[in-house]
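Starting off, we have a lone chain in the form predicted on its own, written out as structure tokens.
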């Protein structure tokens, strides 16, 4: 009974935080709401006795990925007024995308005849020597080894793209042009200016 009550509490907080992610006007507030989503998701994983996934969700996503998100958001110096002006112009595309995702999810659930989970029965207790970390490692590095490596490459590309976005050309930005420095000639390094002598009053 207590586990069910905790599940509904965490689920309500998760839904509220997820709505705050997409409705917050400030991207920093949106990122902080996403942190709340990760924390409550980790609590739900703990209720399902998946301790490793809960700890990884907190340490990796909240401790590392979200810090990177906030770092990138603050370095990009996003012009919020400009984003709000162009938001309504592409709102129809966002609604079409959301509708397509909803149709796909409903189609998958309908084709499978439900979620495949009997909600009337609780989770079976794990045996004493069971380790979900060991089982997860076996699955990831045997059956899903290639998808895991592909996801790692996608994350690497995302990091490189985030760094490239911060190095864009901006007004007043000083940068070093190595090719011009190497191609300079000796006549361009020193310029002698001849001036007439003037008498002091």
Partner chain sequence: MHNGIEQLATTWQSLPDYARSTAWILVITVALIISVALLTLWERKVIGWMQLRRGPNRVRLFGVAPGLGQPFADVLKLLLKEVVVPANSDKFLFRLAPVIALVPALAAWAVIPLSPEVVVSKADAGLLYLLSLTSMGVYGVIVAGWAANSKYAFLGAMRSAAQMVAYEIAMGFALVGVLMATGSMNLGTIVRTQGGGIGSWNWFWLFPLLMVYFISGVAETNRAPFDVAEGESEIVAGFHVEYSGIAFALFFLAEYANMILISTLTAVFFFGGWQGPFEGYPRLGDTFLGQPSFLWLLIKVFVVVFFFLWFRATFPRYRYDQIMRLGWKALIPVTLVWIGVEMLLATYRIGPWSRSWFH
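The structure displayed is predicted, hence computed values, not measured ones. Numbering follows the first chain given and starts at 1. The term rigid core refers to the most C-alpha atoms you can superpose between the two forms while keeping them within 1.5 Å.
Note that the form predicted in complex with its partner chain isn't included here; everything after this is about it.
- Within 4.5 Å of some heavy atom of its partner chain in the predicted complex lies at least one heavy atom of residue 63.
- Proximity of residue 162 to its partner chain in the predicted complex: non-hydrogen atoms within 4.5 Å are absent; the residue sits far from the partner.
- Contact check for residue 181: a non-hydrogen atom falls within 4.5 Å of its partner chain in the predicted complex.
- Shown alone here, residue 131 lies within 4.5 Å of its partner chain in the predicted complex, counting heavy atoms only.
- This chain is displayed alone, yet in the predicted complex one of 71, 110, 90, 95 has a heavy atom within 4.5 Å of its partner chain; that residue is 71.
- With the core superposed, residue 137 shows a C-alpha displacement of at least 2 Å between this form and the one not shown.
- When two forms of a protein are overlaid on their rigid core, residues whose CA moves 2 Å or more are considered shifted, and residue 60 is not one of them between this form and the one not shown.
- A displacement of less than 2 angstroms separates the C-alpha positions of residue 22 between this form and the one not shown, with the rigid core held in common.
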